[in-house]
Ligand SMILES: C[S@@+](CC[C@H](N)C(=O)[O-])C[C@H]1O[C@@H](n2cnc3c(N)ncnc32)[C@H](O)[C@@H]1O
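One chain follows as structure tokens, the form predicted alone.
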Amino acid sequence: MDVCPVKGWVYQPVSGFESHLLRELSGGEAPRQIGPFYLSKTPPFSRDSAAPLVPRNVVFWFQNCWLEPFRAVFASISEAASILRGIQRNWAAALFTQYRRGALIAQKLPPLPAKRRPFPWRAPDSPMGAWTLLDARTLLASPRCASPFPNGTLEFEEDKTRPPSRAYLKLWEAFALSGAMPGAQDRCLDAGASPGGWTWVLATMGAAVVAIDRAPIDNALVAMPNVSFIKHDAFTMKPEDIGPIDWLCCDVICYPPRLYDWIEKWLASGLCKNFICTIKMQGEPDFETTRRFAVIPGSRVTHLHHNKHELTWIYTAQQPPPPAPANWTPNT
């Protein structure tokens, strides 16, 4: 058995947006492609100047990042499984070759839950590892990853009758990732609410919801006693027009700088504690505005499993920092 650490980080790109990730990793030495993955010396996190011991993410367009990769040469299927089991319990396979051999190794590992998750659901505290086979005798693996979900994927038990759109899955995932969510005593703002997918999430959690959009939302939502609808452009309304809120949720289709300017006003007002906003890309990705969101202390910018050509900015009063390697330094 030959086990050795791998220098750098292994990135699993978002399918269809590989070019975005490569542009983010192009600042230094060119990444090495390993099957569908990229091995890069560009770290996914940097130090937060406002909180030096808390990492903030600086690479965004990935499905998952392997934080502590290592390579292991093994003699048998049992030995490969033993290597992984000896490190931790949770391992998600990410095979791109040697599928049959990989399946035999996976059978000897503790099984991961295969069912879709009910909502509400919170991400587990235990680390989630990832592994693949480079050839018949070589493992590439990492015991800790940036995503707490297997290969960055989270599937829910969907409600196919009540929500007026499938956008609700993004908000469910953001709440599961952040570890915080609104309750019955909270007041929430849903900006860009039409047709009402996010309003439906917030209202069914018992929160009082102010839904704003120039287009109407579903009539069933308007009839709910804890939903008030304002037909207006949310971005032309000042925080003082809305008043104190516990959660600001925004899925408005707009250029990222316009979203950032509006969020800046809310942050300056102190009238909101928690934010979940979709940063929608109009054509080319806006890396500059994305970084402006990411440097807000306590923020996380990520590509959710249910995102498309967009990222999600999460800022909560209780949000834990993203998981960095135990030996992480900004210049590793």
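Position 1 is the first residue in the sequence shown; the rest follow in order. Just so we're clear, the structure is a prediction, and the values are computed from it rather than from any experiment.
Keep in mind that the form predicted together with the named molecule is missing from the display, and what follows is about it.
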item: Candidate from I253, A223, A184, A75 lying within 4.5 Å of the named molecule in the model of the complex - any heavy atom; value: I253
item: Position in contact with the named molecule when the complex is considered in the model of the complex, options R71, R89, H232, K108, heavy atoms within 4.5 Å; value: H232
item: Non-hydrogen atom contact A114 with the named molecule in the model of the complex at 4.5 angstroms; value: no
item: The named molecule contact at K280 in the model of the complex, heavy atom, 4.5 Å; value: yes
item: Proximity of W131 to the named molecule in the model of the complex, heavy atoms at 4.5 Å; value: no
item: Contact label in the model of the complex: L154 to the named molecule, heavy atom within 4.5 Å; value: no
item: Region of this chain that lies against the named molecule in the model of the complex, out of 145-153, 253-261, 75-83, 175-183 [heavy atom, 4.5 Å]; value: 253-261
item: Contacts with the named molecule in the model of the complex, stretch 185-206 (heavy atom within 4.5 Å); value: G192, A193, S194, P195, G196, G197, W198
